[in-house]
Structures are given as C-alpha cells and as structure tokens.
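Quick setup: one chain, the form predicted on its own, written in structure tokens, and binding and motion questions come after.
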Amino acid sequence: MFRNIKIIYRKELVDVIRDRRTIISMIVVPILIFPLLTIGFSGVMANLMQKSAAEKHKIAVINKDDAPDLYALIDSSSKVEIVSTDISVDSAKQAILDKLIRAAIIIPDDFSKKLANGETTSVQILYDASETKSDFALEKVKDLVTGYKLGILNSLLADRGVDPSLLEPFSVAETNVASKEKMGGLILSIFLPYIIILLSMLGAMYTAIDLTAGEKERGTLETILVSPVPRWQLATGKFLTILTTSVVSTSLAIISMSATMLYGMQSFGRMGEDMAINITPLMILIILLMMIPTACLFSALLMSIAIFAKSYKEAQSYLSPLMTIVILPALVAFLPGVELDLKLAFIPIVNICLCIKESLMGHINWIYVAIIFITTFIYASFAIFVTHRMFQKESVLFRS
C-alpha cells in the first residue's frame, strides 16, 4: 500500500520539479517577493517621503495685511514659499485641489487688533488630506504659526512679570517597556500569519491544477488510472505532492521574510533601531503546528475543486473566487484589538492567523493551540475525504 503511494508521490514530484511555472511559484516567488517588497519598495517609499518632506512647498496667504508680523515670519522661512497673497478663499481651495499650491493660510480681519486687545481669534489653514505633499505643507505651516503664537504668549507673560515656565510645571516622558524582540515580534505578527495563509494556498494552487485538470487536458490522467493502483492511493500520492509544494513554498517565504527583516531593519528608519527579530524554537513549533494542517486543508480543498474542472483554464476560474474567500478572514491579523478567544479558535483561517500572531508576541496559550490544531486537522481530514470521493466518481474524472 505505502509502496504504491510512494511511487505515485515520487513520480508526481519529479513532474512538478520539471515544470518551470511550478518552480517559479514554489521557490523563486517566495524567496524574492519579500526582499523586493521590504527593501526595494520600502526604500523607494522612504526616499520619496524624504524628498517630499525636504521640498519647499508653495502656499498662499490670504489677508496678509492684518498680520504683518506673522506674514514676515512665514515669508522668511526656508520651509515654505509664498506664491500668492491676492487670492480668494474659493480660489485657494481650487488651487490646492489643482496642486498649484499645497496649503493656504486664512488670516481673519482685525487679527492684529484683536491680539493687541487680548481678544481670542483664530487662523485657518487649508490643505488636501489626500495629498502627501499637502500634509507636509500643513505641518510646516502649523509649526510656523505655533512658533509665532508661543512668541506672543511669552511676550505677554513677560509684560506681566510672569515666568513662561510656569505654564509647564512638569514634563511628560514616554518610556517603552517592550523589548526590542517584542517590537520585532509585533511587526512579524502583523504580516507573517497573512503570508502563511496566502502562500499555503498559492504554493499548492498551480500544482493542484496541474496534477488534476492539467492531466485531463493533456490526456495523461487516463493512463495513470489504468495502472494497478487503487484510486485512493493515487489520490493520496497526488495530495502529498501538492502538500509538499505548499509546505516548501510557505517555509521558504517565512525564511525569506525573517531574513529580510533581520538584515533590512534600516528600512524602518528610527523605528528599526528599536526592533530585533528573535524567533525562538517554541515559536517555530507553533508555526509548524499551524502551518501543516493549514497546508493539508488547502491542498485537499484545491485538489477536490480542480479535479472537477475539464481544463487548466477552467480550474483557474473555479479557484479564483476561493482566493478572495481565503484572503478576507486572513486579514484579521492586520486588525488592531482582535484577540484570540474560545469562539474564534473554531473559525477556520481566522484561528490560524490569531494563534500565530499571539505566539510571535510571546503569548502562547496551549489550550487554544491544541483546539486550533485539532479543529484544523478535522477540517483538513474532511477535505481529504471529499477529494478521495471525487477520485471514485467517473463523472468527475471523465467530465466532458
């Protein structure tokens, strides 16, 4: 029995290794995707953000004559450039939307007189929150206006003989008690569960299609079926091949992601100095306990759906909606405040993501780990049973 399964498994595995598309999806993509995304994309983003922050942004000042001191302060700044003063509020709004200017300051009437009389007034800043450069311009203008306001406040207090330091009797210091390893675990816990779910499915998808619908399309499935091997053993050999590609793909992705984050912390800037990646053997054990049954579940599920298709293209159309169904619950790892509890421990995919997330943060509850492993194994066993039943049906294997 096991000899037949081993022969089928070895034969299918060799065919998979010979297929260029499978090798690319199973090995090349998982290894390269994270360095490209983390170092490449993050580096480009950081460079663009630095350029935007350093840029001298164009702004408009409306009603400048009512605040000559404030206008002079803004005009002398190297952070912004005043390009217009004779403009209406509506025109300023449109100019910001058209990206002709990045922000506009509206000075109210009698601004200086009200300040001189001790009356309260306000300054309005127009900007476009959907534009990064406009956001930077807002922050620069706010810094200038705040500095001007503090100057007035200090002057008023000095005229009354009051020490300005009395306004701030004490300062508040923030101290992060989380270790660097815990901060690094936080970043991993956000992305790694999602990646494990996604790659477990993607790593198995192309192999599942190729070993089922692909063989139908090539006309090689009939040749295998006439061999003196029970169909359940044939299905088991194919399932193990699909499972292998899923596990290999996911494992390579985890290694690539961890190594990329370990050596690419500088991409996170100052935040990277406060982080360290430290995956303990216990964390690896938890990841394996979650990854193996998940890969079994996806491998069997993809195989049972793909065997129903008549061609490679038809199988892809069947499996594409499944990708969306899987991704949505996997996104739970990105949601703040969602913690693993007894109810969530029984929900497929969600329980896996939350368990891995909690483990990487150093919170391991072995009761939940056992529940999730057993329930996921039960789901996977049912999917494998369905797959074996599919291989027993002539109407499915020879569907035309």
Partner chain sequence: MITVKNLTKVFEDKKRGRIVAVDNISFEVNRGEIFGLLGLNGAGKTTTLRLLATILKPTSGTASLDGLDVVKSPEKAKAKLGFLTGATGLYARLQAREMIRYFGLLYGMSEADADKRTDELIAIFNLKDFAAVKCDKLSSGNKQKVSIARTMVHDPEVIILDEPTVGLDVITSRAVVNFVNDEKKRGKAIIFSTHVMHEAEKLCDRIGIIHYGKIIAVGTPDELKTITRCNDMDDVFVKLVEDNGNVS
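This is a predicted model, so every value here is computed, not measured. Residue numbers count along the first chain shown, from 1.
Form predicted together with the partner chain: not shown, discussed below.
Against the partner chain in the predicted bound form, the set 69, 79 and 149 makes no contact: no member has a heavy atom within 4.5 Å. Residue 222 belongs to the set of residues with a heavy atom inside 4.5 Å of the partner chain in the predicted bound form.
Proximity of residue 18 to the partner chain in the predicted bound form: non-hydrogen atoms within 4.5 Å are present.
Within this chain, residue 218 lines the site of the partner chain in the predicted bound form, having a heavy atom no more than 4.5 Å away.
Shown alone here, residue 177 lies farther than 4.5 Å from the partner chain in the predicted bound form, counting heavy atoms only. With the partner omitted here, the stretch from 208-216, 87-95, 126-134, 188-196 that lies within 4.5 Å of the partner chain by heavy atoms in the predicted bound form is 208-216. For the options 142, 182, 114, 231, the one in contact with the partner chain in the predicted bound form, meaning a heavy atom within 4.5 Å, is 231.
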